[in-house]
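One chain comes next, on its own, written out as C-alpha cells in the form predicted on its own.
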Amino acid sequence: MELLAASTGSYPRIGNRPEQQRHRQAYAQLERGEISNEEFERVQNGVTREVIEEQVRAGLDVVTDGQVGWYDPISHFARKLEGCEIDGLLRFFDTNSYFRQPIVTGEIRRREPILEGEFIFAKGVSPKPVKPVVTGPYTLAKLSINRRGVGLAELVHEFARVIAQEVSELAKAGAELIQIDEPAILKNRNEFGLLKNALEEVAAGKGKAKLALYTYFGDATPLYDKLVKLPVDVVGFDFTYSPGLPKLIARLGCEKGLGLGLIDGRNTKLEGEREVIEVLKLIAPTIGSERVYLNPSCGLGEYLPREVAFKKLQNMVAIAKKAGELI
C-alpha cells in the first residue's frame, strides 16, 4: 500500500510578511476601482503559484491550488450560475468562517465553466499533481435558500447536473483525481439517498479521472458503510470528529482508497508522530486499495496562520514517510 501526503483544499492566501499581504491589498484596490479585473487576476495568479510552491516545498505528493480565488466554498459556484442570487453571510457549520448563502429563484444552469481555468493554471505551474476540489451538489443545495417552489430532490439534481459538467471538463483538462466535498450529509443522514443519486450523475461523466468524496465537520462513523459503497474511488474522513472511526475501519475494512484526515486542520498544535502512526498501523491491514492519502481534516486556509499551515504540512509529510516504512 502506497501512502501519499496530500492537501485537502484551501491554503492561507495571507501571511505575516508584507509581501504576503498583496492579495488582500489588491482586493481592496479592486473594490475601490483602483485596479482592473485583469490586474487583480495577475496578483491572484501570483499568490496561487506561491501557495502551490509552499505545498511542494513542504513535501506533498498531491497539492491543490489553495482555493486562492474562492470567497467561500458555496458562493464560488453559486454566483456563476443562472437561477441563483447571493444573499448575506451565514456561519459555515460550527466553524468561525462564513459563506454567502445562495437564494435559488430559477432553474439552475451554468453560464460558463467555473473551475477549468483555475485548474489549468495551477496544473501549468505545479511540478506535483494538482487535485481540483469541487463543492458537492447535495451540500450546495442544502446550504441554499430554496425559493423555487420545487423539492430538495429537484434542487440537488440541478446542482448535480452543473457539478457533473465541471467534473467532465476537469477530467478532459487532465485532472487525475477530483475531490467532491459533501460535509452537509453528516448532519442529514436521513437524506443519504439524495447524495447517492447526485454522485451517480456526477460520476457518469468523470472519464478516466478518479473521484474522491470528502466529508468533514461531523462524525462520519454512522454513515461509514454507506459512504464506502458510493460510486467514488476514494473516501476522505475528518477523524477529529470521528473518534470511533479507526476501530470501525479496522473491523469492516475498505476496498477503496481512503483520505485519512488525521491532521487537525483547525488546531495549531502539531500532531505527534506516534499517535498518527498507531492509527495507520491499526487500519492499514484492512485496506484493500493500492493507494491511501494522509491529509488534513479540512482545508487550512480559513483556520490556520500561513506559517503554521506550512509547518503542519511539513510535519504531516515527515509522519507519512515514517509510517510508509512501518506499514
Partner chain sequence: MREKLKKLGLKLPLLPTTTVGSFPKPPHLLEARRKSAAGQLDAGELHRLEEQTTREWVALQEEVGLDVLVDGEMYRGDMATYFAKNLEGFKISGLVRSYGNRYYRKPIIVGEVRWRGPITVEWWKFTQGLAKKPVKGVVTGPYTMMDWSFNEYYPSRREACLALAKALHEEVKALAKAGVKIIQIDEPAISARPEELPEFAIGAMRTVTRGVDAYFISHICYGAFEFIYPGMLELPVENFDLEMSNSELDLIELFREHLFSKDLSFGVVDVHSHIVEDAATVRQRIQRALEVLKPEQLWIDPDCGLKTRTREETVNKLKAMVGAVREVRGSLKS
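Given the structure is predicted, the values throughout are model-derived calculations rather than measurements. Numbering follows the first chain given and starts at 1.
Below, we turn to the form predicted in complex with its partner chain, even though it does not appear here.
Checking 291-299, 275-283, 64-72, 48-56 against its partner chain in the predicted complex, the stretch whose residues place heavy atoms within 4.5 Å of it is 64-72. Checking I103, A204, A173, L89 for any heavy atom within 4.5 Å of its partner chain in the predicted complex turns up a single hit: L89. For T268, a non-hydrogen atom is located within 4.5 Å of its partner chain in the predicted complex, even though that partner is not displayed.
In the predicted complex, at least one heavy atom of S97 sits within 4.5 Å of a heavy atom of its partner chain.
Although the partner is absent from this view, I14 contacts its partner chain in the predicted complex, with a non-hydrogen atom inside 4.5 angstroms. The closest non-hydrogen atom of F310 lies beyond 4.5 Å of its partner chain in the predicted complex. Heavy atoms closer than or equal to 4.5 Å to its partner chain in the predicted complex belong, across 224-250, to one residue only: Y241.
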